[in-house]
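Encoded as structure tokens, the following chain is the form predicted alone, with no partner shown.
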Amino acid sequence: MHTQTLSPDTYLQALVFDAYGTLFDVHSVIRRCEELWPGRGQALSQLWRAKQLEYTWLRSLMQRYENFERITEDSLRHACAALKLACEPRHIAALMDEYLRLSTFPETQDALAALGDFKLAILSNGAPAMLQAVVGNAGLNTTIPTVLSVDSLAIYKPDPRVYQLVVDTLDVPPANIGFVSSNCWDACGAKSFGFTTFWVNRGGAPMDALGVTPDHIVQNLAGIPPLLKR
């Protein structure tokens, strides 16, 4: 893991966080999946998430945008069909509701509290209503006052226009913005745009070969505040 502090010539005014998988544990749905289909919860959660991301990329390439709520439901239906799980409307409703109540990672609250000197924001593929619910249910409304959704652009990350939304909203130059994501491709996209990037690599995954690399790699969010000591 990269643990060096920022170089003296890097001055960050704002820190922007991806939501799903970075602040919120998308696999906290496994418990509910297990209740509905015992023994299949982990497999369903993994496939659901993989297909969810795939659909964002494919729809962006096809220029056939649908918001993240629709994509999340469509990818759930596909995952259930692929795993041959009987999927009724009540199952869909229960699991879509879980996405509004995702657990934060254990270190999320303390890490955000330690970063209170920065402008904090979320930049997410999530639909506005989904984000409002999950942020509110986690009690992060006041901690992170700015929550940005790609929905206003009708395109998904890592399109550069999504990262430009942060610059336009916060009125901070790209060089003074730090971006935090658990998705390597997202951190690479933000780095390519011009942000200082932090990849939260909880699982020890290999680097994506995308022509750019994140500036810093940490095991979890707790690794970020020590890098930003002023």
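It should be emphasised that the depicted structure is a prediction, and the values quoted were computed from it without experimental measurement. Sequential numbering from 1, following the sequence displayed.
This protein has a second form, the form predicted together with another copy of the chain, left out of what is shown; the following refers to that one.
With the partner omitted from this view, the residue of 145, 160, 139, 106 that lies near another copy of the chain in the model of the complex is 160 [heavy atom within 4.5 Å]. Think of it this way: in the model of the complex, another copy of the chain has a heavy atom of just one of 176, 201, 60, 28 within 4.5 Å, and the residue is 60. Only one segment in the set 127-135, 113-121, 96-104, 73-81 has any non-hydrogen atom within 4.5 angstroms of another copy of the chain in the model of the complex, and it is 73-81. Taking the partner from the other structure, another copy of the chain in the model of the complex has a heavy atom within 4.5 Å of a heavy atom of residue 192.
A residue is said to contact a partner when one of its heavy atoms sits within 4.5 Å of a partner heavy atom; residue 33 fails this definition for another copy of the chain in the model of the complex, lying far away. Within this chain, residue 37 is remote from the site of another copy of the chain in the model of the complex, having no heavy atom within 4.5 Å.
Contact check for residue 54: a non-hydrogen atom falls within 4.5 Å of another copy of the chain in the model of the complex.
For the partner-free chain shown, 207, 208, 209, 210, 211, 212 of 207-221 come within 4.5 angstroms of another copy of the chain in the model of the complex, judged by any non-hydrogen atom.
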